[in-house]
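Encoded as structure tokens, the following chain is the form predicted on its own, with no partner shown.
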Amino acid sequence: MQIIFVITLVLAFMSIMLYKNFLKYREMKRRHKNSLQDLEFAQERIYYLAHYDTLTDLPNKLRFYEELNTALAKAKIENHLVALLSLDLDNFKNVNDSLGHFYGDLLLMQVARQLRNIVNPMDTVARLGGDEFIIIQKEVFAAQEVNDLAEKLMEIFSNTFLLGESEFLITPSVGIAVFPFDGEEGDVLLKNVDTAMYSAKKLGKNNYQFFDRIMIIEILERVELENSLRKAIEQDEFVIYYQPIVETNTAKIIGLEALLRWQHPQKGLLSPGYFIKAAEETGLIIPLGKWVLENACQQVRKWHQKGFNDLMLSVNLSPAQLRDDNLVKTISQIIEKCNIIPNCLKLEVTESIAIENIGFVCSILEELEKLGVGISLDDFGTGYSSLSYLRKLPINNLKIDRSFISKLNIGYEEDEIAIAVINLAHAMGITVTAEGVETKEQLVFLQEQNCDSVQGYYFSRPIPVVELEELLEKQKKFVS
């Protein structure tokens, strides 16, 4: 009996141990299964993060390239078209600046959702970064299909987007390139679709443009212009012309506006309209603007030494110069170096630039005013400034834009605007200069309205130093 009892105990003990081992095995199997699931989930998550945009759930740049290469390979075999539509949101920065990045992200998510809704299931909508989206329209058999999609895309932005309690009207600039006409490889298509998109921006935004070979020519010409600009600065090919500013009632030259010209070795004398935009966009306007200011101040100093002590010098400031952190310091150093009286220098800022970011511009102009220089608001009337803007800006002169002066005595509206501007400025202690005076009738009208000064072809076009000195000498002899 004892033996049987012992055997029973041993068997019971072994059963218990086997059961415990079974439980351990089952737990290990469960954990292994969970580990595999976790590993699979982690792999899926890694793949997602590598191939998709976490904000919009759209394919990112890496996934886009994979989709594009696959679509092009299939198109080459099956002999159909593939279209790329590159989309950039116009003035997206304004949303972030005014409402904050939270609402900027909300806008991007809304745009992504609506873009997905207008494409076929087989097509790809991707976000390449920032506010740049791109669509791969696959298996296209007629150009009209691409045009139809572009129209649907533009229709999305015909309505406002609701961001919080504010409604925003956002417009797109869209470029389009089509395989195989605009490139047979992905990198070529991408380069060309970007070119088309920037062409849409250049044409005023809120439109779409198909890629055209002429765009490449324009880009090459632009690159050549930028390279020539750099050489021109190094080789001192720029000159300054001066246009007299005369007292309205006496026709006495009281000031000069410094105007930059490029003495191009092959193309001759070029006006700023040919190169200023390129200089702005490349940043070359900073050294170029400094050169103009310093050379013009040196020249005015020479005229003062010759006895033309009352001459004022007006120099234009570009948007890039206003954004330059060293602007005030640079102007202060030039005034000291050229040994001129600060109040003989007048810095001109266009109205459209001033009101675009009035708080920032006002702070810069106030710093310049502390140096003792005058501040003039140029092209007044084109930006539709209100009285409140004029009161905020530290200006002592405004220049009525030539577009109003050219219509004096022709249209009643322009006459009334000119009269109102002159009276308003005088009431605020601001002097007025009329630009673009070309006829005696215009001059007589401005004399009757007590406009302080005028400039324009009626008196003189912009002229080089030698011709200007002859004018000054003639005036000096006439007065004496």
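We number the residues from 1 along the sequence you see. Every value quoted in this text rests on a predicted model; they were computed, and no experiment measured them.
One more form of this protein, predicted in complex with a small molecule, exists but is not displayed; see below.
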When you measure heavy atoms, are Q243, L259 and D379 every one within 4.5 angstroms of the small molecule in the predicted complex?
-> yes
Pick from D123, D182, E348, E369: which residue has any heavy atom within 4.5 angstroms of the small molecule in the predicted complex?
-> E348
Given that the small molecule is left out here, which of Q110, S199, S228, N316 has a heavy atom within 4.5 Å of it in the predicted complex?
-> N316
Of the candidate stretches 228-236, 125-133, 251-259, 330-338, the one with residues having heavy atoms within 4.5 Å of the small molecule in the predicted complex is 251-259
Partner proximity in the predicted complex: R116 to the small molecule, non-hydrogen atom cutoff 4.5 Å = no
Does the small molecule come within 4.5 Å of any heavy atom of E67 in the predicted complex?
-> no
May I ask you to check whether I285 falls inside a 4.5 Å heavy atom distance of the small molecule in the predicted complex?
-> yes
According to a 4.5 angstroms non-hydrogen atom cut-off, is P59 in contact with the small molecule in the predicted complex?
-> no
